[in-house]
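Single chain ahead, written as structure tokens, the form predicted alone.
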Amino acid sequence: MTLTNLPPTAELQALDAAHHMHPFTANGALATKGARIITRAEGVRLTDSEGAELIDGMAGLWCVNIGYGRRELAEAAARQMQELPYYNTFFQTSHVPAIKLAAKLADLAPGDLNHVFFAGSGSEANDTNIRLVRQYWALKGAPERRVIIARRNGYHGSTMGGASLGGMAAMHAQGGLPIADIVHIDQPYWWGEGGEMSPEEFGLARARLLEEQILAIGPERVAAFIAEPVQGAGGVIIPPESYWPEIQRIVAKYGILLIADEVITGFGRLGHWFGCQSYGIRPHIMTIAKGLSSGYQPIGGSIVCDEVANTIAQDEFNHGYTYSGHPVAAAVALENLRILEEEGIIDRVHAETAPHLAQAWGRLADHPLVGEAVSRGLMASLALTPDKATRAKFQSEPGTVGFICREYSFGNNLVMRHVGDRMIIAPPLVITPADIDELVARARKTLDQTLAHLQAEGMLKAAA
């Protein structure tokens, strides 16, 4: 559908700068530069107000799994709005979309994850998880088990609770974070932090930091460990294969709850319905959002195992959101899951597009600026370095080179994000092999331009 009577780009940018506060943005600098105005989208491509077409290498914010422009989801929303546009699930009431969606998620989720507490986002769901695990242990007669262990550079949202669970130093520097009884251990980032260890040795060493932290705190005080199967916003950090089995052993040994944050990895991103299935993880709680509705409606939730849900059910759980299980969002999510399932999109990721991306993206490792080119499913990252042999960091402030690379990428009409000096992608799951080839070609052009820029400015220097 073409939008008519669209104001000039400059006018839209001025209105945006005057009134719109952007998330994770230095708004003063953006106001001077002017935001790029996205006006429509189809499949894996975006169109801006000047008519330029971009490949969306980030699926929005890791969420538009079935791609843009699916009329079926708009029609599902319209039908539900006409029948029941809103009702809550407080006060001993329920409604059909929430009931059906909870049942469908229980059917899709592995193991005994049979219960769903709905939220409006992944951030809200992780706030719910803090409440759930602490209430669980209180009802089990162990109210002192309040401490939740998470990972540095992990991401679990930007509410007070979610940002506290996350290990992002820049977020903790604002607003008095983290809240009490949340602690962090180091991430399993072999390329950047593995030193002389093999990936297998490093994975075991980083997993065993969990056991060290449990013992330092006291097992009788630890409630849960939360982590993403693959760290997304932290830079697409793919753990060594030795990492998750050791984590699983440790949580079982000490009887703590395991929360898998599947906000990014859920609903096909890694070639399975859930990232847990890719790594053999057996969580007590899974956080979901994003791909649940492919971003067409805001919805999230916690999928909870029988033991935790049955314990929570013993007393009133004084927690909830106005939009928990919103009927329109739930109806859209159900239609999204139907499309993922009936069109075999996740099977195609596993069998075709993820292997193709691994090969095409992996060839970028031959670029002089790239120290590592890795992927898992349809998540991928590049580590930029001035010296491949030593896995060196740049002399410039961390993120400076990544930002330069991102700007060239945007100029080449490829949405590729930078996290520090890592470049990351997570395209819609409907991307084709031909689209992948075009995406990688634009990424290579971007790397060439970035390298030329660094050479011209004398910035291709390693940190001391």
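On a predicted model such as this, the values are computed, not experimentally measured, just so you know. Quick note: we count residues from 1 along the sequence shown, nothing fancier.
Absent from the display: the form predicted together with a small molecule. The rest refers to it.
- Mapping the unseen interface onto this chain, residue 165 falls outside it, with no heavy atom inside 4.5 Å of the small molecule in the model of the complex.
- Contact between residue 417 and the small molecule in the model of the complex is found at the 4.5 Å heavy atom cutoff.
- In the model of the complex, the small molecule sits within 4.5 Å of a heavy atom of residue 155.
- Residue contact with the small molecule in the model of the complex: residue 290 places a heavy atom within 4.5 Å of it.
- Checking 264, 113, 101, 382 against the small molecule in the model of the complex, a heavy atom within 4.5 Å turns up for just one residue: 264.
- When you look in the model of the complex, the only residue of 121, 80, 324, 242 with a non-hydrogen atom within 4.5 Å of the small molecule is 121.
- Heavy atoms within 4.5 Å of the small molecule in the model of the complex are found in exactly one of 389-397, 185-193, 156-164, 84-92, that being 156-164.
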